[in-house]
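One chain comes next, on its own, written out as structure tokens in the form predicted alone.
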């Protein structure tokens, strides 16, 4: 009997649903899709660390940055990146969790900034309103949340394109109100100046380092609150109405109420970002809250991964650091432009002999074309390269840069777009042959048009747009987002 008892198999947990257990959450790992090879192993290793320890490490890294004796410009880029991260966190509630396409979100950011500017400056001192920051910030954040409720009321039964149109109208209406309608109190095009710095309880923030630390605290605090909210009943309700509002309603979830809560929470986070932005900038204007900035916030969410708290922050940091910290330097911009071309060729061209053929043919093609142009007229190759560093040394004698490059650069840009469209339509050997002049034409357009100081600001956004398009194609879930796949049962 003892031998029989020893040979009995160990009890096996039942495969069906467990009493008191959330089977959907328990089987989340089975629905997760990881990257191939060692990248997937790295993802699993990072997940084992846990969300809270990762947040602690990220917060510590953020607090250490000023101790590295970086310059004031770098710290200002850090503040701007953290403001963008806070806005992306709020948008993640509305879009990433609740699935509500809010195109007026930037108006909540502006409302928070203008609200703080009105009550914490001399703008309303004649009416006896001039509050300290420790009082005005909570009041403005709550007021922004109430504004989110008001915006959500007429749009709670809308979705998709209809909701986008209504919220876009709200965003444009806010810009017009601040710019023209209420110009007597809001300053019109000039905005509001002389805004108080954040002070209270014997502390006054004046330096860039102090505001940087405050933004780190704001972002980490928002991440903690949103993480607790994500797995609450409300957070699960948001994701339920995002995936299937009809099924959520059938399961007794109040869809309208949950939508209003998403609008309010997202607006409150945006309002908090607006108060810090106004205090640190000391002045605000309607041009700070345009549709262009809204696109930036959405780009952060797309890049990082909609529905992911860490992804929203990572997307904002990467996007703004690249945009303001790297792409403002023409040399670094050239490195990124040509680096993207090289990476695309390395990833897409197979087998390797095809890559070698394209690279070699492009080099020979460029030198031959440059020699022909120089023989015809020296003015065709006497222009200055826009790239610097070792890239300029490598391109000299290879890419044609005319003395007057404005006209040729414009025509080259149009021809480049046509070549890219043609590349998307052909395959096989024809595509391989077209790659050679297309790569050369891209270098020509960069050195004559896109890389010039006149077009630097536009080029920065073009590069970011290309990166986002590639990201959406290669990894639709973003940097830290999760691609959910269903496992047949």
Partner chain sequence: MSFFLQELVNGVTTGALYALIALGFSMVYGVLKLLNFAHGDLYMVGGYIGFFIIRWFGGAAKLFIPVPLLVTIMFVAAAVVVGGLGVAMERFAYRPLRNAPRIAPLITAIGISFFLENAALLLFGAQYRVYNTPDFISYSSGIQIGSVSIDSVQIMVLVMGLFIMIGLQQLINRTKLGKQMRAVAADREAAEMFGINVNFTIAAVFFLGSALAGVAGVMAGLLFNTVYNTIGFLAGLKAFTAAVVGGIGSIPGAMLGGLMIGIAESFITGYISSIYVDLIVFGILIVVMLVRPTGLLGRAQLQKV
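Numbering follows the first chain given and starts at 1. Not measured: the values here are computed from a predicted model. Superpose the two forms; the largest set of C-alphas matching within 1.5 Å is the rigid core.
Omitted here: the form predicted in complex with its partner chain. The next part is about that form.
Asks: Answer with one of 246, 364, 375, 126: the residue that has a non-hydrogen atom within 4.5 Å of its partner chain in the predicted complex.
Replies: After the contact test, the surviving option is 246.
Asks: Out of 352, 201, 411, 73, which one falls within 4.5 Å of its partner chain in the predicted complex, going by heavy atoms?
Replies: Partner contact (heavy atom, 4.5 Å) among the options: 411.
Asks: Taking 4.5 angstroms as the cut-off for heavy atoms, does residue 46 touch its partner chain in the predicted complex?
Replies: Residue 46: no, not in contact with its partner chain in the predicted complex.
Asks: So in the predicted complex, does any heavy atom of residue 368 sit within 4.5 Å of its partner chain?
Replies: The answer is no: residue 368 has no heavy atom within 4.5 Å of its partner chain.
Asks: Within a 4.5 Å heavy atom cut-off, is residue 307 in contact with its partner chain in the predicted complex?
Replies: Outside the cut-off, so no.
Asks: Do residue 458 and its partner chain come within 4.5 Å of each other in the predicted complex, heavy atoms counted?
Replies: Looking in the predicted complex, residue contacts with its partner chain include residue 458, since a heavy atom lies within 4.5 Å.
Asks: Could you tell me which of 354-362, 108-116, 82-90, 178-186 sits within 4.5 Å of its partner chain in the predicted complex, going by non-hydrogen atoms?
Replies: Heavy atoms within 4.5 Å of its partner chain in the predicted complex occur in 178-186.
Asks: Give a yes or no on whether each residue among 59, 208 and 272 has a heavy atom within 4.5 Å of its partner chain in the predicted complex.
Replies: No residue of the spot touches its partner chain in the predicted complex.
Asks: Which of the residues spanning 408-446 lie within 4.5 Å of its partner chain in the predicted complex, based on heavy atoms?
Replies: Those in contact are 410, 411, 413, 414, 417, 418, 421, 422, 425.
Asks: Does residue 462 count as moved between the shown form and the other one, where moved means a C-alpha shift of 2 angstroms or more after fitting the rigid core?
Replies: Comparing the forms between the shown form and the other one, which are aligned on their rigid core, residue 462 does shift its C-alpha by 2 Å or more.
Asks: After a rigid core superposition, would you say the CA of residue 434 moves by 2 angstroms or more between the shown form and the other one, or not?
Replies: Yes, the C-alpha moves 2 Å or more.
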